[in-house]
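Just one chain follows, in the form predicted alone, and it is written as structure tokens.
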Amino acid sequence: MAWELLLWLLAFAAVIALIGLSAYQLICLSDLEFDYINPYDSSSRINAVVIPEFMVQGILCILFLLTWHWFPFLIMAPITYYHIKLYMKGKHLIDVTEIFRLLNGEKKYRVVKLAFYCSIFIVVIYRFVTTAVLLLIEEDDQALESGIF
């Protein structure tokens, strides 16, 4: 049971990182839209965090699969597949010359992804708290049965 708590703690940290990376990408695109940053800097900043985001999300999905947590795995599997498909086609990076033409679509994509990661965050928080409470109750029951108190 302690390993499951460790899993949910790791998932909590990973989902926080995914939310932060998505929010960072969205902020970069908003700064570009309001002309606070040039297209080269914006695309290079976003492209620098795309691969780590894909890796964290993929590892988290695989971790849920390997630990037999089907509900979070099935929620994350479609976006993992989409990320793999984008990566294989080479469309995961933002092109500097096309960024203004694709700006609205990229912002919508990032907002949907941020909402998705927030919904995953709610599931992870719930499971993390539930596992922690069950672990504490289980430890209290063992202490009472051993006759210490």
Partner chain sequence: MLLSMATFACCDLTASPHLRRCDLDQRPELSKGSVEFVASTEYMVRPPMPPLYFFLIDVSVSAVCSGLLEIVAKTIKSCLDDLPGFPRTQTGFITFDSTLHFHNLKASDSSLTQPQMLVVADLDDVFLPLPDDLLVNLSDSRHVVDAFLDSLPVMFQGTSNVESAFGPALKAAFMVMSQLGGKLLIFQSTLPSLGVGRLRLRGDDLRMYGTDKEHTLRLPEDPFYKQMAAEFTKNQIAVDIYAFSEKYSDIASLGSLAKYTGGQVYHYPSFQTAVHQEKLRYELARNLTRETAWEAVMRIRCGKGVRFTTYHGHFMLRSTDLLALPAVDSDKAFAMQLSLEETLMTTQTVYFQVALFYPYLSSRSVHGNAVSSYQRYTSSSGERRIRVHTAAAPVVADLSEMYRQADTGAIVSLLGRLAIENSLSQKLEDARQSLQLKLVKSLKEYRNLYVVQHRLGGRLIFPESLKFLPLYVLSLCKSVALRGGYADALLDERCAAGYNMMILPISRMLKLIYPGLFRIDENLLLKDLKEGQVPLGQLPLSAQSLDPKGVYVLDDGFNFIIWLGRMLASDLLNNIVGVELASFPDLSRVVVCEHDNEISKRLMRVLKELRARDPSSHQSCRLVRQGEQPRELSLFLTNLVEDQTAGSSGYVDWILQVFRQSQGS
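These numbers come from a predicted model, not from an experiment. Residue numbers count along the first chain shown, from 1.
The form predicted together with the partner chain is left out here; the points below concern that form.
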Legend entry - Option touching the partner chain, based on a heavy atom within 4.5 Å in the model of the complex, out of Val56, Val96, Leu86, Cys118: Val96
Inset, instruction - Have a look at 57-65, 78-86, 120-128, 97-105 and name the one stretch with heavy atoms inside 4.5 Å of the partner chain in the model of the complex. - result: 97-105
Legend entry - Touches the partner chain in the model of the complex: Trp70 (any heavy atom, 4.5 Å): no
Legend entry - Sequence-ordered residues of 35-62 touching the partner chain in the model of the complex, heavy atom within 4.5 Å: Asp35, Asn38, Pro39, Tyr40
